[in-house]
Every structure is written in structure tokens, then in C-alpha cells.
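Heads up, the chain below is alone and in the form predicted on its own; it's given as C-alpha cells.
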Amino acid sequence: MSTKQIIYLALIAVILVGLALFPFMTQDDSTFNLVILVFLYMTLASSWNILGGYTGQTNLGHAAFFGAGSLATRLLWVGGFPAVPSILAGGVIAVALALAIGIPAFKLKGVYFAIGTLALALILNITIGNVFPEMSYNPAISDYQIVPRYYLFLGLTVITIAAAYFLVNSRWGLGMMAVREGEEAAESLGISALRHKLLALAASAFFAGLAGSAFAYYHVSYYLNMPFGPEWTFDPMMMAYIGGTGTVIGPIIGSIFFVGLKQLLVWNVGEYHLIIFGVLFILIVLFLPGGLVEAWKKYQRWFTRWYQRRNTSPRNVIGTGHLP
């Protein structure tokens, strides 16, 4: 193991210990809610990135899996099932929905696949709103505690990011990236494009469903069709693009940047923050398709070249006593 890897592992361990001890440092519910929101978006952005970033399939219906997990968990929990099995059931239901629509959906290419997934989420949003028009209330509202929910979101975020890391660094992950670069070329090398896309879709839906399950367990009351709204697709997708698609750290950086900037803009410019985010997203897609991760790499390369030129200039060479 190299020194750089040891430093990275030590930094990750320090961050995880700090997050685990965070509830002992504050009792402010608004702070808890903000951090939980960041965790939720990290999970959603990372899960979207498994299919959209690593496999190159632009999914505009991610809210369908998020909503399916939320709906299944809420109905089971309100119906008397224990919380943990209900949460796990949300992820399983989301995978079942993904596999049910996966084979016919992957027959669509490019923009048609994106439009098809968007239509799925919109149909479910309208249908659930008609079937369950009333607000759902937390059955354990008298015993509501935010700290266990904080740890639920923290654990889910860590598991999702770790799964994305190990998946992308596995043989299956290499196959997904090969499919992203060119399906025909991947097929010619014996890589099944459909099999790898279905695996990416199932993994993406599973963690999105678990995020929806945690969402259902977290909220005291909400309309059951709310998690099917388009914002639960477009916000995580925007975070992945802002941070850098096809990378593990990109959705993490994008989520922190998105939530922090959104809160700052809401406090200062109100509803105009939507226009600012729209313009920001367009600029990043056009001029920085690799997101903030690409911007950091460009800065590192520029700084390295500048530092090398500075140390090899004639003035510095003469100043050190060496022959020019």
C-alpha cells in the first residue's frame, strides 16, 4: 500500500469518526436536518451515477425508484411491519420495478431511453397521487427521535458510496465503462451490454429505493406521491454533473456544493435560486463536462507545469550555483 493510499484511508477514517460523533456535538434539529439532507442527496446522486455515470445511460426517471422505495416502506410501516424489514423491502421493490421495465427500456437508445424513463416517473407520480390523495402520517410520532434517523442516513450513504467504489473497480465495473464508451465495441469483445446495463440499473434502483425508504422513515407526514416528483431525479443528476459523473467522489462533492449553495441562495435571493442553478448547470455541461473533479485536475496540471517552469528557469538555475 502506497503512502498516498494510507493518507486517503486515514482521512476517510477521521471523517467517518467525526460524522459518527456529530450527534454528541450538537442538539440543534435544524443542523441535523441539513446534514441528513446532504446524506440523502449523496445517496441519490451516487446511485444515479452508477447507471448514468459509469454505464452512460441517462436516467430521467430515477424518482420512480426513489418513490417506489418510499411508498413500499411507508405502507408496510404504517400497516404494522417493523421498521428495518420495511426499509429493506423498499430497496427490493425498487429493484423489482427496475428489472420489470429494464429489458423493454434498454431497447430504446440515447434520448429515447431518457424520455422513456422520464415518462415512467411522471406516470407513477400522477397515479400514486390519484390512488393515495391523502397525507400519510407517522405512526410513531409521539416517539419521534432524529438521532437514530441521522445514523440511518449516515450508514446508507457510506454503504452506497462503498458499493459504488467496489463496483466500479471490479470486472463488472470495467464492463460498464466499456459499454459507456461504445456498446458495439464492447459486444465485439464479448461483453454483454444488456447484462451490464441491467446490473447497473438494479444497483442504482436498489440504493435509490433504500434512500426512499429512509425518506419515508424520516418524515412525520407527507403526500405519498411527493417522492415521485421530478426534482428527485433532476437534483441528484445535477449534483452528479456538478461534481463529476463517472467518479466516486464527484456526487459527494456535488451534493455538498449543491446543498450549501442552495441554502445560501435561498436565504439571499429566494426563488431566483432556481434560475441561478439552471444557468450554472448549463455552463458546467458546456464548458466543464467533467465537473468540479475535472476542474481540480486541470488546476493540478497547471500548477505542476507552472512549478516546473519556475524551478527550471535560468534565474533559479544560476541562483542555485549550477551551470545553466
Partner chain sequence: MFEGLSQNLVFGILVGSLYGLAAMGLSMIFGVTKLLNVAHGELIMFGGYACFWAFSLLDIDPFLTIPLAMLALFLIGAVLYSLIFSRTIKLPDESKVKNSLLVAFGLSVILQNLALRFWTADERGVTPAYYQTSFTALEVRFPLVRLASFAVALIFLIALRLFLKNTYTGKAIRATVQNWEAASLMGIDIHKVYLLSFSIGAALAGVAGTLVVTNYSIQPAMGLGWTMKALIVMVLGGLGSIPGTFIGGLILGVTESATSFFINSNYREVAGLILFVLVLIFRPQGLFGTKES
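Remember, it's a predicted structure, so these values are computed and weren't measured experimentally. Numbering follows the first chain given and starts at 1.
Another form exists, predicted together with the partner chain; not displayed. Remarks below refer to it.
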Notebook entry, point to check: Just to confirm, Val95 within 4.5 Å of the partner chain in the model of the complex by heavy atoms?
Noted result: no
Margin query: Within 4.5 Å, heavy atoms only: does Tyr112 come near the partner chain in the model of the complex?
Written below: yes
Item checked: Touches the partner chain in the model of the complex: Thr127 (any heavy atom, 4.5 Å) -> yes
Next item on the list: Would you please decide whether Val84 lies within 4.5 angstroms of the partner chain in the model of the complex, comparing each non-hydrogen atom pair?
Entry: no
Next item on the list: Find the only residue in Trp172, Tyr222, Tyr150, Phe234 having a heavy atom within 4.5 Å of the partner chain in the model of the complex.
Entry: Phe234
Margin query: I need to confirm a contact call. Of Leu274, Leu264, Leu34, Ala295, which residue comes within 4.5 Å of the partner chain in the model of the complex, counting heavy atoms only?
Written below: Leu274
Next item on the list: Kindly indicate whether Leu60, Tyr241 and Val279 are, all three, within 4.5 angstroms of the partner chain in the model of the complex, using heavy atoms.
Entry: yes
Next item on the list: Would you mind picking out the stretch of 65-73, 38-46, 285-293, 23-31 that comes within 4.5 angstroms of the partner chain in the model of the complex, counting non-hydrogen atoms?
Entry: 285-293
Margin query: Do any residues of 95-111 have a non-hydrogen atom within 4.5 angstroms of the partner chain in the model of the complex? If so, which ones, in sequence order?
Written below: Pro104, Lys107, Leu108, Val111
